[in-house]
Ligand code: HAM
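Here's a solo chain for you in structure tokens, the form predicted on its own.
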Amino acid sequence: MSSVKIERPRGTRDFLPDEMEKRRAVERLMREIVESYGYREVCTPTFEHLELFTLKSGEGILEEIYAFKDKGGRDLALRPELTAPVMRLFVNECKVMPRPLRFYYFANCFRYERPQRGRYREFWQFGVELIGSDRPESEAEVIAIAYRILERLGLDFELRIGHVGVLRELLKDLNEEKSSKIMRLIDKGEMDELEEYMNELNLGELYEKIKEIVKVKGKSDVIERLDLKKDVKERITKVCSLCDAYEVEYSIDLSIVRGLDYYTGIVFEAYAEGLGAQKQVCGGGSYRLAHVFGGEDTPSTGFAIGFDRVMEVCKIEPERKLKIAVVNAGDYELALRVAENLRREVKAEIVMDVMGRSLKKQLSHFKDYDFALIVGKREVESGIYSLKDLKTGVQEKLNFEKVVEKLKKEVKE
């Protein structure tokens, strides 16, 4: 029977150990930051009922996701994002929990789209949802957490804050289909197509107003110069003031609309250098979704970070572990027992040869490690072991306790 080489599916990746160590280091830092603000992790199924995603995004999303029928004929889909699943979880499981709820997640998602740099058919998202508060304090907290993560990861990035209410007010007299299309075109930055579409609708004057609004960019003082509804102006001003207290650097950008109908107020996005055209690494804002999934109308604020895009440009490197080789000098089982004892005492990478190599070949194989602990029958009977520093070549005779003491010191250093 001839063998067949099977390639991985298009738009997916394999990760080798070096890459996984870096990804885990970044993930640990993200978790550490959000947990310091009181957020706790939740986890939802990899697949959900298809309706969960079509309810908020319409049937058009079917072209973009992995949808399928199971053996019972149920319509299911691999999750394309995490906000909807987390809100379903909230409606199903968290009705009586005190508000606000601070949740975070880290998981893989799936979209059927053309793969390109930083965009894959299987990708990972890290995000938070603050559920139950519609106050500016909650919006500023979520923005600050996103900013802190990107800052700690060493990204060269820009954070922009907007408010969907500004453009929604201009479009309030249009039907949902027309206003949604206009918002999507603004979100994509397709102003020429927007102008053409609005002229077709005899809305040229309204287009000019929109064009002026989306040009508004700058520091928080630009808000004072705009003719906005009082509540919108006050909300943006207060959120900006709180972001200043958090020492968050940002600019106002009223062209940010996030492209999804469920956003209700403050929205924000972050863009990182080094990613070419696909430079957005984070997006979020205030929204209301719980009522769509059968719950109460509940205010929420959240964001999602595109983990794969962050990995393209982040500066974090995994901490290097101390690497120790326990070298078998004739009796593998004796060396194995010593290695197990050492693992109980020292937090390090402790490896033995499993290829039956000679003592000399073992030392050669492990030449890039930090230390070699040579263990044979004579060493075990005497209780004195040879610990060789493989970087300097210095070899010491030490009892087991001294070996542990020295290696623990090396781990700390």
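None of these values were measured; they are calculated from a predicted model. For every residue, the number given is its place in the sequence shown, counted from 1.
One more form of this protein should be noted, the form predicted in complex with the ligand, which is absent from this view; the next part is about it.
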In the predicted complex, is there a heavy atom of the ligand that lies within 4.5 Å of any heavy atom of residue 79, even though the partner is absent here?
no
Requested in this report: Report yes if any heavy atom of residue 129 sits within 4.5 Å of a heavy atom of the ligand in the predicted complex; otherwise report no.
Outcome: yes
Would residue 239 sit within 4.5 Å of the ligand in the predicted complex, counting heavy atoms only?
-> no
Answer with yes or no whether residue 113 is in contact with the ligand in the predicted complex, where contact means some heavy atom within 4.5 Å. yes
The listed residue (255, 125, 264, 328) that reaches within 4.5 Å of the ligand in the predicted complex by any heavy atom is 125
In this chain shown alone, the residue from 100, 306, 136, 299 with a heavy atom within 4.5 Å of the ligand in the predicted complex is 306
Exactly one listed stretch (157 to 165, 282 to 290, 204 to 212, 71 to 79) reaches within 4.5 angstroms of the ligand in the predicted complex by non-hydrogen atoms, and it is 282 to 290
